[in-house]
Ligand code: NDP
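Here's a solo chain for you in structure tokens, the form predicted alone.
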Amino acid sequence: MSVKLEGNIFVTGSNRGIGLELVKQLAGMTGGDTHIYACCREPEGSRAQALREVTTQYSGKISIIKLDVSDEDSVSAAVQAVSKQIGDGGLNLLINNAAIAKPTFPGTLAATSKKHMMEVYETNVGGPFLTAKMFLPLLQKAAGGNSAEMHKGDTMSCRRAAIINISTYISSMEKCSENFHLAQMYAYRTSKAALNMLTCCLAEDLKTHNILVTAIHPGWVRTELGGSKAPLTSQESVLSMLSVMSSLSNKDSGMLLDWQGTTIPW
């Protein structure tokens, strides 16, 4: 699979699982002009050890940014930190990967509280909303202008300026009856369905700025969240997702796709 991504790339939730693998593969397959901003809540903590090791391995190519996506002040500080480093190029790709699931699997109705619902929504929806809103000036800078009429054909891509929201197959309302028995996950499902609507809204709002916005389901992946029975490794999922991201264009903005590029119904 051909993967062609470049420029300044910002990844949230990058200390473990899919986020960490995104940073690893992006660092390994992109050229010298690419810089990756890898974000996590506690860069100096024990859970960020693997991320620090990757940063050392690819010296000068990765900057670790302290970020709690549910905290507006934290997002603002991250914007300032990135702005100081990024120069005139702007931000080419924002990957909203950070997410939580509460309560523990399977997340039944009886086990789910209002507090669970609000905490999950704040991170899984409020987080991508804040990052998209507050990083917009840097994305616009990368897009090279804010008028789609300046260009013809496919004006949007992940190499130019894009937001990728990591969603899930179980956010699909049409498919709920097929998979609900496998994992109720009330808070997680509903938050990701809301993320899908955020994706649609941003796609409509930002298309005149030539900024692509797409949601991608990474598959059922063997991570802390996905569990040990998941069929996909993080390496397999991320390699396929990056290939899909490389091929995205105008027609894909506002869509929900899986890691292989297949459209998932709402």
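We number the residues from 1 along the sequence you see. Predicted model, so just to flag it, every value in this text is computed and none were measured.
Although not depicted, the form predicted together with the named molecule is the subject of the following passage.
Student: Among 198 to 206, 214 to 222, 55 to 63, 26 to 34, which stretch has residues whose heavy atoms lie within 4.5 Å of the named molecule in the predicted complex?
Tutor: The contacting stretch here is 214 to 222.
Student: For A98, is any heavy atom within 4.5 Å of the named molecule in the predicted complex, or not?
Tutor: It does: once the named molecule is placed as it appears in the predicted complex, A98 has a heavy atom within 4.5 Å of it.
Student: With the cut-off set at 4.5 Å between non-hydrogen atoms, does V82 touch the named molecule in the predicted complex?
Tutor: Although the named molecule is absent here, V82 would stay clear of it in the predicted complex, with no heavy atoms inside 4.5 Å.
Student: Tell me, yes or no, whether S70 is in contact with the named molecule in the predicted complex, where a contact means a heavy atom of each within 4.5 Å.
Tutor: Contact with the named molecule, yes.
Student: Should I166 be classed as touching the named molecule in the predicted complex when contacts are defined as heavy atoms within 4.5 Å?
Tutor: Heavy-atom contact with the named molecule at 4.5 Å: present for I166.
Student: With the named molecule left out of view, choose which of I18, V244, I9, L256 has a non-hydrogen atom within 4.5 angstroms of it in the predicted complex.
Tutor: Looking at I18, V244, I9, L256 one by one, just I18 meets the 4.5 Å heavy-atom criterion.
Student: Counting only heavy atoms, which residues in 177 to 200 are within 4.5 Å of the named molecule in the predicted complex?
Tutor: In sequence order, Y188, K192 come within 4.5 Å of the partner.
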